[in-house]
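Next up: just one chain, as structure tokens, the form predicted alone.
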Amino acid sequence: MKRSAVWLPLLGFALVFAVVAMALVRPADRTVRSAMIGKPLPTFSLAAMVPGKPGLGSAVFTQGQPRLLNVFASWCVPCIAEAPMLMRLKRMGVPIEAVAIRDTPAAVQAFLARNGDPYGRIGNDRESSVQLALGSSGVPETFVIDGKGRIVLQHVGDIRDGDVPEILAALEKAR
């Protein structure tokens, strides 16, 4: 009995080491998901962000056609990375609306000039109030909204080539 008790501290250390090593090798998914999935889009009305392009309100999403709602910012590096995918989706006929958070009209205009403009409307969310109401925790995030104004999918992070089929399937299902 005494001999086996000598090994208990070493066994305890090995167990703690194994748990820590597992956490380092396989970190937990820390993605914050919106609680709004499956619920109606919050009511909002945002002023236009750039001249020549209308602002954005929640009423646009209840006109019968599913569409994307992209939350972005000109200062967001992953937003630049996803710009080609958004342009690709636009060429495929996907309507895309946008909420620009904590940004300036000049910066957004420059961003669109450099990276392309896939958006039908861009709302100016200076205080991130719409972003927070959506349950969005960062940029970029894209939501699939059905034609009745209900959120059916949230995509956290930049849209990549492998994400396009899932987004298209969600849009098709939302019809």
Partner chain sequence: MSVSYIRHPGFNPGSKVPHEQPAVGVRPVGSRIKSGMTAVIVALLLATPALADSNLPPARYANTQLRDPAKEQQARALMATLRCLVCQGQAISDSDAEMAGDMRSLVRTRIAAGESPKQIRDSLIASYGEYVTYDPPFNALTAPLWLLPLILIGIGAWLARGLFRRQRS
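Model, not experiment: these values are computed from the prediction. Residue numbers count along the first chain shown, from 1.
Although not depicted, the form predicted in complex with its partner chain is the subject of the following passage.
K.L.:
Since only the chain is shown here, I'm wondering whether Ala133 would be in contact with its partner chain in the predicted complex (any heavy atom pair within 4.5 Å).
P.N.:
Within the cut-off, so yes.
K.L.:
Spell out, yes or no, whether the shortest heavy atom distance between Met87 and its partner chain in the predicted complex is within 4.5 Å.
P.N.:
Answer no; every heavy atom of Met87 is more than 4.5 Å from its partner chain in the predicted complex.
K.L.:
Is Val139 a contact residue for its partner chain in the predicted complex, using a 4.5 Å heavy atom cut-off?
P.N.:
Close contact exists here: in the predicted complex, Val139 approaches its partner chain to within 4.5 Å, heavy atoms only.
K.L.:
Is Met92 close enough to touch its partner chain in the predicted complex, meaning at least one heavy atom pair within 4.5 Å?
P.N.:
Output for Met92 is no: heavy atoms all beyond 4.5 Å of its partner chain.
K.L.:
Consider the chain as shown here, without its partner, and state which of Val50, Leu112, Val60, Met36 has a heavy atom within 4.5 Å of its partner chain in the predicted complex.
P.N.:
The option sitting close enough to the partner is Met36.
K.L.:
Out of 151 to 165, which residues reach within 4.5 Å of its partner chain in the predicted complex, heavy atoms considered?
P.N.:
Heavy-atom contacts to its partner chain in the predicted complex: Val156, Gly157, Arg160.
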